[in-house]
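Presented as structure tokens, the chain that follows is alone, the form predicted alone.
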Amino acid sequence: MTLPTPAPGKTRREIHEARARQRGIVIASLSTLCVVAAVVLLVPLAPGWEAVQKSFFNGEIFLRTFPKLLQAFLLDVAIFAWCAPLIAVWALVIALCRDVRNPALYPLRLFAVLYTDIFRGVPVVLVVYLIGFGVPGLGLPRPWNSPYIWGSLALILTYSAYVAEIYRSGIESIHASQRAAALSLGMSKSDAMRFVILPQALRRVVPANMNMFIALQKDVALLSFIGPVEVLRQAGVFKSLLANFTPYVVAAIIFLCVTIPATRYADYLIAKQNRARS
């Protein structure tokens, strides 16, 4: 029995892997179609489907509320836009404090440890409540009593703790020999960190930070608990006025339109990084 002749430029192994991938795609597509068909056919047969459809998937209310909810979502985007860069910078400061090795600067290291422990240990919504209601309760004049400012500060403080740990993991992933080599070339410790360690570490943690910023985009909605009329609060207003939950579905769809592409891009970055390492 003679083996099939490989296609020009391809080995038998590459041909086999290509066929296996094609087979996998076909099987995955068929199984997905079966599941979708089962959901589409079986869910409407449930006894309470008509009531659920009227309460959560009302087309008239969807079209009526979508423009105003989309407009309210722009506030979520604005809060995210000014929080994200501040988180990136403050988290890097915390990570560098955590990496301090000079005994005289140990208080900075201790501060960084306590900071990450506290803000990673307290739920985000509780930090939003404590800062969003506590600080304006001091009787500050306008605009310093604004829930937008203190709600944003709560998100910045909390997410900086998580992002700082991601930065630290990237810094520690750089082999100690590179730091030693930089010092042997006459660089100071700060220059070694700035020009040798940080550029590599920051590239390695981009995918992980993308996932954190996706989570931040969703958690901006928590500020609705302290006053800002963003998309979640606006959906609640429509729910009360119309006695219908469809506005919440609309808000969920708006969030998904932003978070799904960002998630896929983060997955692409992770896959690209894995390919580069292999």
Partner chain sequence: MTHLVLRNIQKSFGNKTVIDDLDLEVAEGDMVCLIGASGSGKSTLLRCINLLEPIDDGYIELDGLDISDPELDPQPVRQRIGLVFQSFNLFPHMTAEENVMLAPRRIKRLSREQLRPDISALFQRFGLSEHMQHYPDQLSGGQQQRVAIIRALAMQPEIMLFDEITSALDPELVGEVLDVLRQLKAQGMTMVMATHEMGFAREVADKVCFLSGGRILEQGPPEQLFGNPQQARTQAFLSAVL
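The structure presented is a predicted model; accordingly, all values stated were derived computationally and were not measured. Numbering follows the first chain given and starts at 1.
There is another form of the same protein, the form predicted in complex with the partner chain; it is not shown, and what comes next is about it.
Contact annotation: of the candidates Trp144, Phe195, Tyr106, Trp82, the single residue with a non-hydrogen atom within 4.5 angstroms of the partner chain in the model of the complex is Phe195.
The partner is absent here; in the model of the complex, the one residue of Asn102, Gln71, Gln178, Ser173 having a heavy atom within 4.5 Å of the partner chain is Gln178. Contact check for Asp117: no non-hydrogen atom falls within 4.5 Å of the partner chain in the model of the complex.
Contact annotation for Leu185: at least one heavy atom lies within 4.5 Å of the partner chain in the model of the complex.
The partner chain is not shown here, and in the model of the complex it never comes within 4.5 Å of any heavy atom of Ser169. Proximity of Pro199 to the partner chain in the model of the complex: non-hydrogen atoms within 4.5 Å are present.
Residues within 4.5 angstroms of the partner chain in the model of the complex, judged by any non-hydrogen atom, belong to 199-207 and to none of the other stretches in 155-163, 107-115, 199-207, 84-92. Although the partner chain is not shown here, in the model of the complex the stretch 31-69 places no heavy atom of any residue within 4.5 Å of it.
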